[in-house]
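Before any questions on how it binds or moves, here is one chain, the form predicted on its own, in structure tokens.
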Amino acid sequence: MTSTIPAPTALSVTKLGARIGAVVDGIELSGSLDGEIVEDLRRAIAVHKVVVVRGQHHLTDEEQYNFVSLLGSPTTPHPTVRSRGTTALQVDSRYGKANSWHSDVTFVDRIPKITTLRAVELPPYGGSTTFASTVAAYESLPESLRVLADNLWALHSNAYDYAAEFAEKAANDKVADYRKEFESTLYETEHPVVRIHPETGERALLLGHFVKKILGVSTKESQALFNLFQDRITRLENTVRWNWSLGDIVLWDNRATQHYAIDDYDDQDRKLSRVTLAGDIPVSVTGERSRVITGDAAEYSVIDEPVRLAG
């Protein structure tokens, strides 16, 4: 089902690509933002999946948190990483680089609905982020692959191979310490490979680097199926790349996107501040909810009760 949400009318919105991404101009973000603007921003995120607001040099971690709270209920910074902020998670390249395709925190049952990321310190070159629409990826599948995806489930975990490989290659103890903290509590959740977006009714692929295996098939078949659908998500037509500037804040629908932080800035420092909003428990095309296998995420986040956006 394709979204019928109308475009916002009170904002200046410029599309970045046909399938994903937009820039919003002429707005100053704060915790006292007008209610009509907040609602239109929600609609812009729903329609474009990724929204960039530039020139927000006035924002601090506190002001970012206050603004984001207008869009929903903030989570704690992270289910396991508690050493880098009490309201916002400090994304610091010294502790690791998320240069692998993923949606945030899919290893818990209550996946965040919106992620916000604000530039704090940028390298003199490189360090951009690429986003992909998992809705566009699903909608571009031939019918036979849609039927297959609709019936698949996957196990997601914070003990995932990509991070282990990165930690093994790391030359400093900070990455190893971060990895240890990241895995300090094990989370495993079974999610449908296709979820129904609770606000738009669209179908989106739910995969990324936290997937440990596709359920009900062999290891070889699991990898083949994962690659088949993950490769569809990251087709260039489904992506947009944002080159950061100080003052930028990017907001994306974590239920309908994946992202990849490009590691092309050598050993320069790159720091951003992340605040996420509580999400619902994903629902499959047949109405089944995601299943917790290991770990209780209640301290990390409440469960959001989504409201369908009016068409």
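Predicted model only: the values in this text are computed from it and were never measured. When you see a residue number, it is the position in the sequence shown, counting from 1.
There is also a form predicted together with a small molecule; it is not shown, and the following applies to it.
Using a 4.5 angstroms limit between non-hydrogen atoms, residue 244 touches the small molecule in the model of the complex. The small molecule in the model of the complex is not approached by residue 109, whose heavy atoms all lie more than 4.5 angstroms from it. In the model of the complex, the small molecule lies farther than 4.5 Å from every heavy atom of residue 42. The small molecule is not shown here, but in the model of the complex it comes within 4.5 Å of a heavy atom of residue 117. Checking 222, 230, 129, 157 against the small molecule in the model of the complex, a heavy atom within 4.5 Å turns up for just one residue: 129. The partner is absent here; in the model of the complex, the one residue of 214, 98, 149, 141 having a heavy atom within 4.5 Å of the small molecule is 98.
Contact with the small molecule in the model of the complex holds for all three of 102, 259 and 270, each having a heavy atom within 4.5 Å. Segments offered: 24-32, 244-252, 50-58, 65-73. Contacting the small molecule in the model of the complex at heavy atom distances within 4.5 Å is 244-252.
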